[in-house]
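Listed next as structure tokens is one chain, alone, in the form predicted alone.
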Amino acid sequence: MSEKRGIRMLAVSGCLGYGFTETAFDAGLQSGIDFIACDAGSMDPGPWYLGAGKPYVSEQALRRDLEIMLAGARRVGVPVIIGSAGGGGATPHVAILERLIREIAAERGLHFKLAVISSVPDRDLVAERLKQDRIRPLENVPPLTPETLDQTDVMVAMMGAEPLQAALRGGADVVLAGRCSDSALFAAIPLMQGYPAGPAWHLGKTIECGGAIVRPKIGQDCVIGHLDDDGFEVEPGHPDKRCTPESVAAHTLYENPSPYDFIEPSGVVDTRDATYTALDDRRVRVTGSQYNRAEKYTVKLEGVRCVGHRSIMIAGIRDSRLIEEIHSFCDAMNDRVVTEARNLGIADSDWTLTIRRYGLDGVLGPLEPRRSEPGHELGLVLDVVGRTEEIAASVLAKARYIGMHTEFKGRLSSSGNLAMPFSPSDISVGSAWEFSLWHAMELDDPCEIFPITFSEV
């Protein structure tokens, strides 16, 4: 009877720079893992980070996590895979992490073969695929037009497992990938070794956020995944923490419109028949996951365009009379700002004002079903995006003044019903970006837009 196969992997953290305990990391290394992987990015913080080329965690935090990972991996001789480098995965983001990796290697005397995978697609190729009708919008997104593509300043494509596998086949000890499927970081090696796709991808999805499936959920931490031919097991790296069937299954609801279908470039993970069983008070086994291969290989395109400059102001309201009149008050504010901006010679098309009312409908906006039930406090965020920094500042200054002096029914004082917690009250946020690409593009080859650069470090 042949021995049952198995492969073990360590998910270091939900995001590089979010941190983890060295206790859990060392326990993972000592458990006999075959590779280490960590996601390093997301689009959850919005379009600014991709457009500005900045990470959304500090370099200090990135360096701390990287140093422990690289030193530990070289100590036990296993590969490291990092995806969505620097947050957005565009060229500046990847460059930041590559610099940190080289600096750490020099300081620690570490030597390895580094593979860096770009995820910035060629603009002419994207335009050609658009002409060929091989780009489709994702849910609730309009179809892509040549004009929108031209307006897109920065774009990346989310790679699947194949570019990672190509880097590993090229002998890489450390793989630094641009924008990348989180699950692919953990599925790439098992798929190369012939493990079934359903459990491999589902395990990747389960541990891509590290300690998110661990209880107690105190910060981020390491999780160990063990894959075999029939399913997979997960357990916390830290001896004082545990996984439960509920905590593991709950992650299928995270960042997914459906808990049963996880879309990857090469297919869809189907968890409808998955079962979650507690092996003991720390470990959970999952079986029954399926993988349905897609007819066409597609990658998600993410892109942003700069729409000007943003300035904001934050204020609080605790006057019950004003809260009762908040809808008409905001309408009056908006009308007065339009008039005052025109008086300054600023065209309507050069700015936007959004009034966000936290405590009423600040999260859901017009979709909020309880808009008529405000509490006794409201927080206002005046959000102005102007064509230039000067326009944004000018319009916001008017909006702030108008907010303090606009009349409302039942007012007792002459003015000044907004409380501002900060001075200066008007805050320049910098360049303003919006998503312009959120589409799926067909590829002829899974690696065709993801060039790899190898180097000895």
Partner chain sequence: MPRLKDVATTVRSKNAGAFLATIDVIFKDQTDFERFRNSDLFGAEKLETLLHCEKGAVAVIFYEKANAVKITFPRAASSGSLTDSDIYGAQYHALIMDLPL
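Positions refer to the first chain, counted from 1. Since we're looking at a predicted model, the values are computed, not measured.
The same protein also exists as the form predicted in complex with its partner chain; that form is not shown, yet it is the one meant from here on.
Discussion item. At 4.5 Å between heavy atoms, only one of the stretches 229 to 237, 187 to 195, 305 to 313, 150 to 158 reaches its partner chain in the predicted complex; which one is it?
Written reply: Of the options given, it is 305 to 313.
Worksheet item: Hey, in the predicted complex, is T271 touching its partner chain, heavy atoms inside 4.5 Å?
Response: T271: yes, in contact with its partner chain in the predicted complex.
Worksheet item: Does R356 reach its partner chain in the predicted complex if we count a contact as any heavy atom within 4.5 Å?
Response: Looking in the predicted complex, residue contacts with its partner chain include R356, since a heavy atom lies within 4.5 Å.
Worksheet entry | is_contact(F112, its partner chain) in the predicted complex, heavy atom dist at most 4.5 Å | It does not: once its partner chain is placed as it appears in the predicted complex, F112 has no heavy atom within 4.5 Å of it.
Fill in: Close approach of G46 to its partner chain in the predicted complex, 4.5 Å, heavy atom
Close contact exists here: in the predicted complex, G46 approaches its partner chain to within 4.5 Å, heavy atoms only.
Worksheet item: Quick one: of P146, G77, P257, G375, which gets a non-hydrogen atom within 4.5 angstroms of its partner chain in the predicted complex?
Response: Exactly one listed residue reaches within 4.5 Å, namely P257.
Practice prompt. Answer with one of N343, Q132, N140, S349: the residue that has a non-hydrogen atom within 4.5 Å of its partner chain in the predicted complex.
Written response: It is N140 that has a heavy atom within 4.5 Å of the partner.
Worksheet item: Going by its partner chain in the predicted complex, which residues of 429 to 457 come within 4.5 Å of it through any heavy atom?
Response: W433, E434, F435, W438, in sequence order.
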